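Just the one chain here, laid out as structure tokens, in the form predicted alone.
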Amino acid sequence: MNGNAAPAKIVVQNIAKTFTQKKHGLKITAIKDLTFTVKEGEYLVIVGKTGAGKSVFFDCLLGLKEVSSGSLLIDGQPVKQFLKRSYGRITRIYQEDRLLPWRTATENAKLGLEILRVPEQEQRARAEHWLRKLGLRGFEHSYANELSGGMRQRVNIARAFATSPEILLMDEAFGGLDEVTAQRLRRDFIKLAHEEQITFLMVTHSIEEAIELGNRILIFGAPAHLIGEVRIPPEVAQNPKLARQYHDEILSILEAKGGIEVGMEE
């Protein structure tokens, strides 16, 4: 479900987030006057320079930080209210896999289900199901140090999918992988996200990755505020020339308003 008729899943209305630095007492603005809406089933990718407040925004969506002003709603409810009623329905995948080294792939993949107090037998069944879906059949009993970087990240993604989330937050999730591995994993991820009808928001520094995965790309300046928006038609993924045109459009916005040096490898 990616069309304009889809209901709003996340509504961000004029939010701001400020901090006071303890050591020097300085006021720091991470987010200012940020407004946009995410439709249910949409694939939204955020690009912007380091320090633009993108991860702070994800913290706010997860209830780890509260916005200083404005309104942040999920399914029409304030974040804390949504999380209280729908705990586990929004999850975050980091660039670091964060696997526990003393646990096997299955034991890592079922960690979220343990937190949700799902019955043990169901935990294991769901974890192993998602490990197989992500190409890790035969590695269920392997420990983290026995897996490659790409395989570890597949376990990380399996752990997220196992909890049946409605919203996935991808925080530079493929940034630590070599390009061949990352491309394969992106392809598998987008297929599973489509099958599960998950809404996902992704932060990336790669314009190519944003174009490959996103229905819509938001371009953030620093502190986090919207400086541009680009919609990506489905046919772009199969058309390198068209992808280059969209890349150049996004790059021009970043260079003109975002103060970031970023490019595509030739």
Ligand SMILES: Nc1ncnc2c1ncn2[C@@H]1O[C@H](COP(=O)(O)OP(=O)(O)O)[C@@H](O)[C@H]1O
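Here the structure is a predicted model, which means the values were calculated and not measured. When you see a residue number, it is the position in the sequence shown, counting from 1.
Form predicted together with the ligand: not shown, discussed below.
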Within 4.5 Å, heavy atoms only: does T50 come near the ligand in the model of the complex?
yes
How about K39 - does it come within 4.5 Å of the ligand in the model of the complex, if we only consider non-hydrogen atoms?
no
Counting only non-hydrogen atoms and a 4.5 angstroms cut-off, does L64 reach the ligand in the model of the complex?
no
Looking in the model of the complex, any heavy atom of V56 within 4.5 Å of the ligand?
yes
Note which of A30, L34, I198, I211 lies within 4.5 Å of the ligand in the model of the complex, where distance is taken over heavy atoms; exactly one does.
A30
Assert contact_stretch over 236-244, 66-74, 211-219, 22-30 against the ligand in the model of the complex, heavy atom within 4.5 Å, equals 22-30
So which bits of 130-168 sit within 4.5 Å of the ligand in the model of the complex, heavy atoms only?
none
